[in-house]
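Next comes just one chain, in structure tokens: the form predicted alone.
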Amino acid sequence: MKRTLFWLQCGGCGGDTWSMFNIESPNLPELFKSLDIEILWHPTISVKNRADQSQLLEDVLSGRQQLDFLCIEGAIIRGPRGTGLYDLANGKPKKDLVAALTRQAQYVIAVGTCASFGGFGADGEIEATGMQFLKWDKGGFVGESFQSKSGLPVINLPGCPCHYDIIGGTLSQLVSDAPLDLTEHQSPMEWYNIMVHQGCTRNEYHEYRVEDKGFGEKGCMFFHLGCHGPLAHGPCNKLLWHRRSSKTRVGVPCFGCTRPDFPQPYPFFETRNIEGIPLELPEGINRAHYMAYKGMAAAAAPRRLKTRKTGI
């Protein structure tokens, strides 16, 4: 059975679109062909003129055109003062178009952190919000109780950008009518029920508290260089970019881009800490126990870790 997809870009950079274009096994055209998905509209690849686009929207909003997947990229802009006039579509607030489309869609998918949680404009005058969350708080644009025609809430695929395999995998799972288990932040458990820390090639350094205090060393970047790996849910060390790398594998700290509070209001390359212990600890960790454990672990660190050579 043919499915349809409408991709609407709101307040964002377009990075999730360019991530999606990297789908490679199968590639993007082959994926949509195999899933029997027709792209009704995508701002980058669609070639409809203004008249045809207007007719398409009229057909979708009236229900004459079936809409299975509504993919929202970028935050919903509500400013100034709730009018939405900072982001227009055909001279009208785009937020109104989003609201109308969500009523017609079988599934609503928020692609990327901005669409999921608000992202860069969530604290500013543009009054940005995610589709069903505003940072950590459920509600967002469509409201806490919203469900699409499928009975599911908005499906959040956070990441800056979202990994292309998550986009393709989510569509594949929905087309096959397989159960889609979601986390408390409405993200597929398949990819978001793990921490970025899991699979990190620097895990042994973390366990023995062998700390990286400057870029180019081999050590854990959690204690001094702002790494969010033990704090952020995401598959970054499970689904490697282009099947070969991740931030931590090349010596760059995880920025926590899948977290509802991304981007953080403090420096990215600096860990806030008290006496060398990060202010924010992994889930379920007791601070006193953590301090004692890490002190003993550092003392017991193998010599081969302590005498590591610099260089990635």
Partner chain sequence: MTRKIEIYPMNRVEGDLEITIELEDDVVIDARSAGTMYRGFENFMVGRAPLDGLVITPRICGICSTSHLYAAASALDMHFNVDVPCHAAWVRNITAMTEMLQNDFRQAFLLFMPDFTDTAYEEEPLYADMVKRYAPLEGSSVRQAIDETRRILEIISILGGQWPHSSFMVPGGVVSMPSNNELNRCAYLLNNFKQWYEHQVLGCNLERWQAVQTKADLISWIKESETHLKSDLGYFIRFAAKAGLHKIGKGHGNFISFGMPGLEIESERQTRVGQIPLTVGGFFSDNRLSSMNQENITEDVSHSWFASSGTSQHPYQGQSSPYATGSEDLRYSWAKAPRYKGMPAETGPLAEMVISSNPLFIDFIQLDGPSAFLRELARLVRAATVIPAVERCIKNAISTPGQYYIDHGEIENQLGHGLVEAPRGALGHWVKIKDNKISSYQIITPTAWNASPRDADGVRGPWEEALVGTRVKNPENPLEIHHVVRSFDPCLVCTVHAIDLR
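Residue numbers count along the first chain shown, from 1. Just so we're clear, the structure is a prediction, and the values are computed from it rather than from any experiment.
The same protein also has a form predicted in complex with the partner chain, omitted here; what follows describes it.
Within this chain, residue 125 lines the site of the partner chain in the predicted complex, having a heavy atom no more than 4.5 Å away.
Taking the partner from the other structure, the partner chain in the predicted complex has no heavy atom within 4.5 Å of any heavy atom of residue 211.
Of the heavy atoms in residue 301, none are within 4.5 Å of the partner chain in the predicted complex. Taking non-hydrogen atoms only, residue 190 never approaches the partner chain to within 4.5 angstroms in the predicted complex. Only one segment in the set 72 to 80, 147 to 155, 98 to 106, 181 to 189 has residues whose heavy atoms sit within 4.5 Å of the partner chain in the predicted complex; it is 72 to 80. The partner is not shown here, but in the predicted complex the stretch 45 to 62 reaches within 4.5 angstroms of the partner chain through a heavy atom at 45, 46, 47, 48, 49, 50, 53.
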